[in-house]
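Only one chain comes next, encoded as structure tokens, the form predicted on its own.
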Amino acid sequence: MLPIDDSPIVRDGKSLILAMDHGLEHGPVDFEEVPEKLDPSTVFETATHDAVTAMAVQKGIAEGYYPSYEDDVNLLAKLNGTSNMWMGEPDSAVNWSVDYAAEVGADAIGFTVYSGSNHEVEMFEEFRDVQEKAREYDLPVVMWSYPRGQGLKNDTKPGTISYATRIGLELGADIAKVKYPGDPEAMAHACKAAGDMNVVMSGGSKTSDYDFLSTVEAAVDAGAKGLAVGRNVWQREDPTRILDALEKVIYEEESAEAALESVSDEDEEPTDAAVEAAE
């Protein structure tokens, strides 16, 4: 691991990575409710928020849009990715090199590893090459550590997520992005299994403000060092509001209820869930 506290992608020991590799991984379906977000510049604008420590994108987006935002956004170059049309055993094509990512201006490297896939061996070897090349540029490496494959029936059970964080540590990642294992105790064990490596929670599919923020709160309280999120931010009508709240939950360690209350308009009624939780 690199000492990454001074890295641009870390703030006060924590990270909030805004991911927008969904156009490749999921296709245009993720933009149906927010068609304006088909324009990557709209999400780059969102990434200028002070809470965001890096924006994760694929090569074409980095080439075409990052130069206009390089002074305001830290680039996390997501090197591999496969379309949702791929129907085989989980695998991920390597779409650009560390050398080229560094030339484009990357502040960090991102790479998916599907442990448990029939392609695990080659993915581990690909990660080795990426991690060692990134060291030559002093670029931190974020592993999307996603156990997945025909032998895994539940990819979010506690033991699997702890294994996922440990794999990140063992293979030399500086940050591992993992799914939430369902409860704070399981998340705490996953963070402990990671040793000194930072663990961030995957944002997942869009949920309500309170449900999302309360899960982030639980993960941070359990030892997670932040969040890597896409849809739960840029699919919202007001992404700035949710980022304001995330800033309070992640960096200031406020509760979800307090964060929501602080970002609500004075005339806005608090959500039923927030009221019930506060009671």
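Model, not experiment: these values are computed from the prediction. Start at 1 and count along the sequence shown; that's the residue number.
The form predicted together with a further copy of the same chain is left out here; the points below concern that form.
Here the marked residues 140, 182 and 210 all miss a further copy of the same chain in the predicted bound form; none has a heavy atom within 4.5 angstroms. Note on the partner interface in the predicted bound form: the residue among 75, 186, 200, 167 having a heavy atom within 4.5 angstroms of a further copy of the same chain is 167.
You can rule out all but one of 250-258, 212-220, 55-63, 225-233: in the predicted bound form, only 55-63 has residues with a heavy atom within 4.5 Å of a further copy of the same chain. Remark: residue 95 counts among the residues lining a further copy of the same chain in the predicted bound form, judged by a heavy atom distance of 4.5 Å or less. Proximity of residue 150 to a further copy of the same chain in the predicted bound form: non-hydrogen atoms within 4.5 Å are present. With a 4.5 Å cutoff on heavy atoms, residue 69 does not count as touching a further copy of the same chain in the predicted bound form; it lies far away. When a further copy of the same chain is considered in the predicted bound form, residue 156 lies well away from it, no heavy atom lying within 4.5 Å. Shown without its partner, the chain has 81, 82, 83, 84, 85 in segment 68-85 as residues with a non-hydrogen atom within 4.5 angstroms of a further copy of the same chain in the predicted bound form.
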